[in-house]
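Have a look below at one chain only, the form predicted alone, in C-alpha coordinates format.
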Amino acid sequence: MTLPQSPDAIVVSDAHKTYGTDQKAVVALGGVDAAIQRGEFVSIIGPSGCGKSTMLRMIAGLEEVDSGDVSIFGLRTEDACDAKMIGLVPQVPALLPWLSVLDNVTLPSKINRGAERRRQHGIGGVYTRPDPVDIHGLLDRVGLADAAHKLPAQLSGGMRQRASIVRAFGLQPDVLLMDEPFSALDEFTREALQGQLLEIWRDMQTTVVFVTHNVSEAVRLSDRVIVMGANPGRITAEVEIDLPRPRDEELLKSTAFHDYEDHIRHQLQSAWRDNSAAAA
(Lines give C-alpha, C1' and ligand atoms only; values in the text may rest on other atoms or scores of the structure.)
Protein backbone atom coordinates (compact mmCIF):
# COMPACT_ATOMS: atom_id res chain seq x y z
CA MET A 1 0.00 0.00 0.00
CA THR A 2 1.28 3.44 -0.93
CA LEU A 3 -0.12 6.32 1.11
CA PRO A 4 -0.62 9.77 -0.47
CA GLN A 5 1.00 12.88 0.97
CA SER A 6 -1.23 14.95 3.24
CA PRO A 7 -1.05 18.56 4.46
CA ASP A 8 -2.27 17.33 7.86
CA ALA A 9 -0.20 14.18 8.41
CA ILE A 10 3.29 12.74 8.58
CA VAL A 11 3.20 10.05 5.90
CA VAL A 12 5.63 7.13 5.62
CA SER A 13 4.81 5.34 2.38
CA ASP A 14 6.21 1.92 1.38
CA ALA A 15 9.52 2.76 3.09
CA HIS A 16 12.39 0.32 2.63
CA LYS A 17 15.79 0.54 4.30
CA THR A 18 18.60 -2.03 4.27
CA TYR A 19 21.97 -1.76 6.00
CA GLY A 20 24.92 -3.69 4.60
CA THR A 21 25.08 -5.92 1.54
CA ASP A 22 24.96 -9.58 0.56
CA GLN A 23 24.85 -12.03 3.47
CA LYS A 24 25.46 -9.27 6.02
CA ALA A 25 22.49 -7.21 4.87
CA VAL A 26 19.96 -6.27 7.55
CA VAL A 27 16.51 -5.18 6.40
CA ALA A 28 15.69 -2.44 8.90
CA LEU A 29 12.40 -1.55 7.20
CA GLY A 30 10.62 -3.78 4.74
CA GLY A 31 7.88 -1.68 3.18
CA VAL A 32 6.42 0.39 6.02
CA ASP A 33 3.25 2.46 5.64
CA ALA A 34 2.16 4.84 8.41
CA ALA A 35 0.22 8.08 8.77
CA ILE A 36 0.44 10.27 11.88
CA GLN A 37 -2.15 13.02 12.04
CA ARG A 38 -1.35 16.60 13.00
CA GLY A 39 -1.53 17.00 16.78
CA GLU A 40 -1.45 13.27 17.53
CA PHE A 41 0.76 11.68 20.17
CA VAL A 42 1.88 8.38 18.66
CA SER A 43 4.23 5.88 20.27
CA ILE A 44 6.22 3.27 18.35
CA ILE A 45 7.02 0.11 20.30
CA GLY A 46 8.73 -3.14 19.38
CA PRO A 47 11.78 -5.32 20.04
CA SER A 48 15.33 -4.18 19.43
CA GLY A 49 16.21 -4.24 15.76
CA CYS A 50 12.65 -3.78 14.46
CA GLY A 51 13.36 -0.42 12.82
CA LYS A 52 11.74 1.94 15.35
CA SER A 53 14.67 4.35 15.50
CA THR A 54 15.29 3.99 11.77
CA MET A 55 11.74 5.16 11.07
CA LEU A 56 12.16 8.04 13.51
CA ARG A 57 15.43 9.08 11.87
CA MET A 58 13.78 8.99 8.44
CA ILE A 59 11.07 11.36 9.64
CA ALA A 60 13.81 13.56 11.12
CA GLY A 61 15.63 13.64 7.78
CA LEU A 62 18.69 11.92 9.27
CA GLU A 63 18.26 8.77 7.16
CA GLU A 64 17.21 8.38 3.53
CA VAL A 65 14.84 5.66 2.37
CA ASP A 66 16.21 3.15 -0.14
CA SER A 67 12.78 3.28 -1.75
CA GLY A 68 9.42 4.70 -0.79
CA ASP A 69 8.69 8.14 0.55
CA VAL A 70 8.43 10.21 3.74
CA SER A 71 6.61 13.55 3.89
CA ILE A 72 5.89 16.02 6.69
CA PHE A 73 2.51 17.71 6.29
CA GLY A 74 2.86 17.53 2.53
CA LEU A 75 6.49 18.69 2.44
CA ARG A 76 9.68 16.79 1.73
CA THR A 77 11.64 16.05 4.89
CA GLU A 78 14.50 18.30 3.80
CA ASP A 79 12.10 21.23 3.34
CA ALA A 80 10.52 20.57 6.73
CA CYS A 81 13.99 20.48 8.31
CA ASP A 82 15.03 23.71 6.59
CA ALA A 83 11.94 25.40 8.02
CA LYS A 84 12.80 24.09 11.52
CA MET A 85 9.50 22.26 11.74
CA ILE A 86 11.09 19.22 13.43
CA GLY A 87 12.47 18.91 16.95
CA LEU A 88 14.39 15.89 18.24
CA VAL A 89 14.90 14.63 21.79
CA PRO A 90 17.49 11.81 21.77
CA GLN A 91 17.95 9.09 24.37
CA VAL A 92 20.97 10.89 25.85
CA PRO A 93 20.59 14.67 26.33
CA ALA A 94 23.11 16.41 24.07
CA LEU A 95 23.66 19.47 26.26
CA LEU A 96 26.80 21.54 25.76
CA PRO A 97 28.77 21.09 29.01
CA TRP A 98 30.23 24.62 29.05
CA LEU A 99 26.84 26.34 28.77
CA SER A 100 24.30 26.89 31.53
CA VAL A 101 20.86 25.29 31.37
CA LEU A 102 19.36 28.59 30.20
CA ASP A 103 22.01 29.04 27.51
CA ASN A 104 21.55 25.46 26.33
CA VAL A 105 17.79 25.71 25.97
CA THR A 106 17.89 29.10 24.22
CA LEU A 107 20.76 28.22 21.88
CA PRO A 108 18.58 26.80 19.04
CA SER A 109 16.44 29.94 18.84
CA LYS A 110 19.59 32.10 18.68
CA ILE A 111 21.16 29.97 15.96
CA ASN A 112 17.96 29.67 13.90
CA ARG A 113 16.70 33.25 13.86
CA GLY A 114 16.82 33.27 10.06
CA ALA A 115 14.81 30.04 9.92
CA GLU A 116 12.20 31.55 12.23
CA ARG A 117 11.72 34.48 9.85
CA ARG A 118 11.40 32.12 6.90
CA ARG A 119 8.79 30.11 8.71
CA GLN A 120 6.89 33.24 9.64
CA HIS A 121 6.15 33.73 5.95
CA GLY A 122 5.66 30.00 5.52
CA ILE A 123 6.47 27.62 2.70
CA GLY A 124 3.92 28.30 0.04
CA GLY A 125 2.23 30.70 2.44
CA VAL A 126 0.88 27.86 4.58
CA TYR A 127 2.61 28.21 7.95
CA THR A 128 2.63 31.11 10.37
CA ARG A 129 4.91 31.71 13.33
CA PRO A 130 3.25 31.62 16.76
CA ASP A 131 4.18 33.99 19.53
CA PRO A 132 7.67 33.36 21.01
CA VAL A 133 7.67 30.65 23.64
CA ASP A 134 8.24 31.63 27.27
CA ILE A 135 11.45 29.68 27.97
CA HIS A 136 11.60 30.82 31.58
CA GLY A 137 8.01 29.68 32.01
CA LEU A 138 8.82 26.27 30.52
CA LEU A 139 11.82 25.89 32.83
CA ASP A 140 9.59 26.71 35.76
CA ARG A 141 6.97 24.18 34.68
CA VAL A 142 9.52 21.35 34.62
CA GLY A 143 11.14 22.36 37.88
CA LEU A 144 14.32 23.89 36.46
CA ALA A 145 13.79 27.56 37.30
CA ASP A 146 16.27 27.41 40.19
CA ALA A 147 18.77 25.47 38.04
CA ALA A 148 18.71 27.82 35.03
CA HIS A 149 22.26 29.05 35.62
CA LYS A 150 23.78 25.69 36.52
CA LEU A 151 25.97 23.65 34.18
CA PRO A 152 24.79 20.24 32.93
CA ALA A 153 27.37 18.45 35.12
CA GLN A 154 25.61 19.90 38.17
CA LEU A 155 22.27 18.32 37.23
CA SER A 156 20.79 14.88 37.78
CA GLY A 157 19.93 12.70 34.76
CA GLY A 158 16.27 13.63 35.06
CA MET A 159 17.04 17.34 35.18
CA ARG A 160 19.25 17.08 32.09
CA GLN A 161 16.44 15.34 30.21
CA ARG A 162 14.00 18.04 31.33
CA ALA A 163 16.37 20.62 29.86
CA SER A 164 16.54 18.63 26.63
CA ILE A 165 12.73 18.63 26.37
CA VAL A 166 12.49 22.38 27.04
CA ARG A 167 15.14 23.01 24.38
CA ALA A 168 13.18 20.96 21.83
CA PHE A 169 9.91 22.77 22.58
CA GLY A 170 11.68 26.14 22.54
CA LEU A 171 11.44 26.46 18.76
CA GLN A 172 7.80 25.34 18.85
CA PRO A 173 8.31 22.61 16.27
CA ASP A 174 5.36 21.24 14.34
CA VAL A 175 6.74 17.75 14.99
CA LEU A 176 8.63 16.51 18.06
CA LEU A 177 10.50 13.21 17.66
CA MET A 178 11.54 11.45 20.87
CA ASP A 179 13.81 8.39 20.85
CA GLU A 180 13.46 6.58 24.21
CA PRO A 181 14.14 9.80 26.13
CA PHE A 182 13.25 8.36 29.56
CA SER A 183 14.83 4.90 29.28
CA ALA A 184 17.81 5.64 31.54
CA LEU A 185 15.75 7.18 34.35
CA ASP A 186 14.37 5.63 37.51
CA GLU A 187 10.65 4.85 37.57
CA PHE A 188 9.62 7.78 39.76
CA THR A 189 11.49 10.34 37.64
CA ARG A 190 10.23 8.72 34.48
CA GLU A 191 6.60 9.01 35.55
CA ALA A 192 7.07 12.63 36.61
CA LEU A 193 8.56 13.53 33.23
CA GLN A 194 5.77 11.72 31.40
CA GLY A 195 3.25 13.93 33.18
CA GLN A 196 5.19 17.12 32.42
CA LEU A 197 5.60 16.13 28.78
CA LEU A 198 1.86 15.55 28.42
CA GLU A 199 1.05 18.95 29.93
CA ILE A 200 3.39 20.79 27.54
CA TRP A 201 2.17 18.76 24.55
CA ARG A 202 -1.45 19.56 25.42
CA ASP A 203 -0.73 23.29 25.60
CA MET A 204 1.55 23.54 22.55
CA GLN A 205 -0.39 21.10 20.32
CA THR A 206 2.75 19.64 18.80
CA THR A 207 2.64 16.36 16.90
CA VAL A 208 4.74 13.84 18.87
CA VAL A 209 6.29 10.59 17.64
CA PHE A 210 7.71 8.73 20.63
CA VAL A 211 9.87 5.57 20.50
CA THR A 212 9.77 3.38 23.60
CA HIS A 213 10.28 -0.17 24.85
CA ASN A 214 7.96 0.43 27.80
CA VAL A 215 4.35 -0.75 27.34
CA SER A 216 2.94 1.25 30.28
CA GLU A 217 4.65 4.40 29.03
CA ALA A 218 3.19 3.91 25.55
CA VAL A 219 -0.34 3.48 26.91
CA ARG A 220 -0.13 6.46 29.25
CA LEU A 221 1.23 8.89 26.69
CA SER A 222 -0.38 7.95 23.42
CA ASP A 223 -3.42 8.52 21.30
CA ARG A 224 -2.23 5.55 19.25
CA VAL A 225 0.48 2.91 19.60
CA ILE A 226 2.23 1.46 16.53
CA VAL A 227 3.57 -2.05 17.19
CA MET A 228 6.53 -3.21 15.10
CA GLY A 229 8.15 -6.58 14.42
CA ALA A 230 11.64 -7.38 13.16
CA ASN A 231 13.34 -9.18 10.24
CA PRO A 232 12.22 -7.27 8.30
CA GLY A 233 11.17 -4.22 10.28
CA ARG A 234 7.43 -3.82 9.77
CA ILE A 235 4.26 -2.60 11.42
CA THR A 236 2.30 -5.53 12.84
CA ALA A 237 -0.51 -3.68 14.66
CA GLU A 238 -1.88 -0.24 15.53
CA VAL A 239 -3.76 0.24 18.80
CA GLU A 240 -5.98 3.26 19.46
CA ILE A 241 -5.81 4.28 23.13
CA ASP A 242 -9.33 5.41 24.00
CA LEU A 243 -8.67 6.67 27.52
CA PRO A 244 -9.62 10.11 28.88
CA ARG A 245 -7.06 12.82 29.42
CA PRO A 246 -5.46 13.95 31.61
CA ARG A 247 -4.27 10.47 32.60
CA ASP A 248 -3.83 10.74 36.33
CA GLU A 249 -2.59 8.21 38.87
CA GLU A 250 -6.09 6.81 39.40
CA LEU A 251 -6.49 6.06 35.71
CA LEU A 252 -3.12 4.26 35.63
CA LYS A 253 -4.51 1.80 38.19
CA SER A 254 -7.73 1.18 36.29
CA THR A 255 -8.80 -2.04 34.61
CA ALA A 256 -9.13 -0.23 31.27
CA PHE A 257 -5.50 0.91 31.43
CA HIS A 258 -4.25 -2.59 32.25
CA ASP A 259 -6.39 -4.07 29.48
CA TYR A 260 -4.56 -1.88 26.96
CA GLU A 261 -1.22 -2.96 28.44
CA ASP A 262 -2.19 -6.62 28.09
CA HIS A 263 -3.42 -6.11 24.53
CA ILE A 264 -0.18 -4.44 23.41
CA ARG A 265 1.93 -7.11 25.12
CA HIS A 266 -0.10 -9.72 23.24
CA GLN A 267 0.58 -7.90 19.96
CA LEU A 268 4.29 -7.77 20.75
CA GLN A 269 4.37 -11.48 21.59
CA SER A 270 2.52 -12.32 18.38
CA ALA A 271 5.05 -10.35 16.32
CA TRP A 272 7.90 -12.10 18.13
CA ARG A 273 6.37 -15.56 17.49
CA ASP A 274 5.85 -14.72 13.82
CA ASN A 275 9.47 -13.62 13.55
CA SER A 276 10.73 -16.76 15.31
CA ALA A 277 8.66 -18.99 13.04
CA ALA A 278 9.99 -17.25 9.92
CA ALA A 279 13.58 -17.64 11.11
CA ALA A 280 13.17 -21.36 11.90
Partner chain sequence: MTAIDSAVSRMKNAVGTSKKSTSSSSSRSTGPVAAVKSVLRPSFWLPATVLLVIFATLWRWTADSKPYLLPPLSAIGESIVNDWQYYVSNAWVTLQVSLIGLAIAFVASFLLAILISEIPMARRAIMPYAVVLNVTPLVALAPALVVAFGFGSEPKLIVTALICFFPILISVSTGLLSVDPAALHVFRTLKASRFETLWHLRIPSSLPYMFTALRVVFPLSIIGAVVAELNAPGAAEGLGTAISLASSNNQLSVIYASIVFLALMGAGLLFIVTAVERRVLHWHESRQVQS
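Numbering follows the first chain given and starts at 1. In this text, all values refer to a predicted model and were calculated from it rather than measured experimentally.
The same protein has a further form, the form predicted together with the partner chain, not shown here; the description that follows concerns it.
For the residues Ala184, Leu193, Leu151, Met159, the 4.5 Å heavy atom test against the partner chain in the predicted complex is passed only by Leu151. When contacts are defined as a non-hydrogen atom within 4.5 Å, all of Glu78, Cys81 and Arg167 contact the partner chain in the predicted complex.
With the partner left out here, the partner chain still marks one of 184 to 192, 137 to 145, 87 to 95, 197 to 205 in the predicted complex; by a 4.5 Å heavy atom cut-off that stretch is 87 to 95. Within this chain, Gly61 lines the site of the partner chain in the predicted complex, having a heavy atom no more than 4.5 Å away.
At the 4.5 Å threshold, heavy atoms of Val133 stay clear of the partner chain in the predicted complex, well away from it. Interface residue remark: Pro108 is counted as part of the site for the partner chain in the predicted complex, having a heavy atom within 4.5 Å. Although the partner is absent here, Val101 is not a contact residue: none of its heavy atoms lies within 4.5 angstroms of the partner chain in the predicted complex.
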